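Listed next as structure tokens is one chain, alone, in the form predicted alone.
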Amino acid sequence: MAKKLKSVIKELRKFGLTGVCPREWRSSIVLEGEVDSWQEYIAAGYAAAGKGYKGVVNDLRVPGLEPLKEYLPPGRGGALAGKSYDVVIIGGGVIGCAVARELTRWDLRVALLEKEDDVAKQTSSRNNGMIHPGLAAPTGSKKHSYNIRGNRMYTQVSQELGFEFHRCGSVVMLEKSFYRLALPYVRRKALKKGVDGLEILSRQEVSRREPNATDRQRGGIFLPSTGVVAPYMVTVAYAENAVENGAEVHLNTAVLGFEMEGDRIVGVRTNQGVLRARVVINAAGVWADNIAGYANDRFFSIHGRKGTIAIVDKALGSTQSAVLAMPQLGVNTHTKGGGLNPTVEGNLLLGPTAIEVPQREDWSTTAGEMELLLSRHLSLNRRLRPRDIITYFAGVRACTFEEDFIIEPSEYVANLVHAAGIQSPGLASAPAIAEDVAAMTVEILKKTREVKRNPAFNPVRRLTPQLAKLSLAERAEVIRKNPAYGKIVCRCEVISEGEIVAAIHSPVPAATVDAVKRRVRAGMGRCQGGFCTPALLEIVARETSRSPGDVTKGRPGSRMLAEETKAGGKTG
């Protein structure tokens, strides 16, 4: 028996997991059998990790646990049947969209397939938008190298794509005075990792920098390279610039399998027909292991880690300038612990939490998670009260048991590239990951054809006016050219009809209420859409030639109106 396998068995027995049967498959370890609970499923996966295998495939059964539920859009016939592309990207999150844009630097036919009704529907819109500095990722990991590179790239990328990026910095506060003994080590660690500009702060210096920081702090460190973005806007910006440069984005398009010839994918089966691809990129987020399995290359498993985040009213946004965090030592080794961070829009965010969940599209929130947010993070800023929270949401990260990114061409499928296991700091790493995945893809294509640069590539995205950010004189000029910009639809966020119409007709059209919301923030203010939703429904209906009753919130079938209550002057 291999030494590595013996090590896994010994670790499993240490945790009393006698119902687990491990076996080797290619260069991975596969766990089969049955365990009593989801907690044991997770424990077994981590017991097998770090033993020298490429990945952990966790196929353990848990009695009574519902099978994985994946949303799949309804079939739509054969709209894509017979189409052929040089590259097909599976997944419209920030990684997939960034890769699509990067590939349009080359003269290639690129298609991005997304099963949801819009890009950035899952993890890429359900996080706190933090561009991490790279201190927390383990030295030598892909997380670390991509985080450092990606963080530094954001300044240029944000300028090219026109999304807001604030390098606000982060203050990591100490809860105990004796923690200061570790600060020289932290400084050396930061230098070794290439983290830019770390400063050690006394208690007084923390207070001067952040006057509303908790009285419990006993000094800390300042990381000036930390930034914040609106993650859904980053994703939309990448997707729109990709389309402007020739890529195609196909929404409501689910991948159902592959057609294989030997060690190559020759067909991608979708709910819109079978299409051809020279290279396939697996950027499918929480379902990336399923996509790998379609090509018999499932050498890893994804498990979901849910994080709940609360949003604080903009009126309190000015009470802090940097991200505030106070890690609790030894609480959870698989998360950075969350905190309290500013947003580019002016709100503050609390969280996220980190809870392993069996369902990968479980976006529910619970009272217990909210209580955890309040107890852990709200008090980091002395000015905040529970009544200042205006809403909350949850997202699920795509975690592997090895806790690192999988960025590589397949070892067994000649034209498959994996960009999987992308959890935090995936958003910070996205620009760098996209560069490397695109380079891998081009190298595969060059084996069978000539690949030339796209002479028409334009890295600068076309922008439309954002009324709230303009001076009065600039607003007047915009309104003079297009009176629709003078009609305010969302009062909380100062969003005009002109902005909404522009989003609906953008390169990646916003055809649902939530899609418009992600692009222009209509409905994201204090009233959470209570005032503007009826007008927004009418505008979307008019611009897409539908009746208001056919406009959906998001996924097909999520109609917001059931039926007319008044027709022909009579009350129904």
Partner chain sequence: MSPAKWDVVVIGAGPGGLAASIAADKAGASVCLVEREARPGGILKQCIHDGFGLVRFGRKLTGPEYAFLDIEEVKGRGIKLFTETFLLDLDRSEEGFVLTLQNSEEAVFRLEAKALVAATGCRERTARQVFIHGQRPAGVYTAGTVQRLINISGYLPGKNCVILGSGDIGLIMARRLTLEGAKVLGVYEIKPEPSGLTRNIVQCLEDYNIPLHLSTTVTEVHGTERLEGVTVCRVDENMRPLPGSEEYVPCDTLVLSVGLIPENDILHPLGVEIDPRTGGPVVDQLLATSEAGLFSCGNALHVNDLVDYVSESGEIAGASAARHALGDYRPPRHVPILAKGEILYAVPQRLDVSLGGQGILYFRAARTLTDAALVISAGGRVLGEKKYKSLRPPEMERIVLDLSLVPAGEENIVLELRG
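Numbering follows the first chain given and starts at 1. Nothing here was measured: the structure is a model prediction, and the numbers come from that model.
Missing here is the form predicted together with the partner chain; even so, the following discussion is about that form.
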Next item on the list: Could you tell me which of 140-148, 95-103, 469-477, 424-432 sits within 4.5 Å of the partner chain in the predicted bound form, going by non-hydrogen atoms?
Entry: 469-477
Item checked: Full three-residue contact with the partner chain in the predicted bound form, heavy atom 4.5 Å, for Ile488, Pro534 and Leu561 -> yes
Next item on the list: Let me know the one among Ile406, Leu251, Val494, Ile444 whose heavy atoms come within 4.5 Å of the partner chain in the predicted bound form, would you?
Entry: Val494
Margin query: Which residue, Cys168, Met370, Val357, Leu378, is the contact with the partner chain in the predicted bound form, using a 4.5 Å heavy atom cutoff?
Written below: Met370
Next item on the list: Spell out, yes or no, whether the shortest heavy atom distance between Ile390 and the partner chain in the predicted bound form is within 4.5 Å.
Entry: yes
Margin query: With the partner left out here, check for me: in the predicted bound form, does some heavy atom of Ser410 sit within 4.5 Å of the partner chain?
Written below: no
Check: Does Arg13 reach the partner chain in the predicted bound form if we count a contact as any heavy atom within 4.5 Å?
Finding: no
Check: For Pro556, is any heavy atom within 4.5 Å of the partner chain in the predicted bound form, or not?
Finding: yes
Item checked: the partner chain in the predicted bound form - contacting residues of 354-368, heavy atom within 4.5 Å -> Glu361, Asp362, Trp363, Ser364, Thr365, Thr366, Ala367
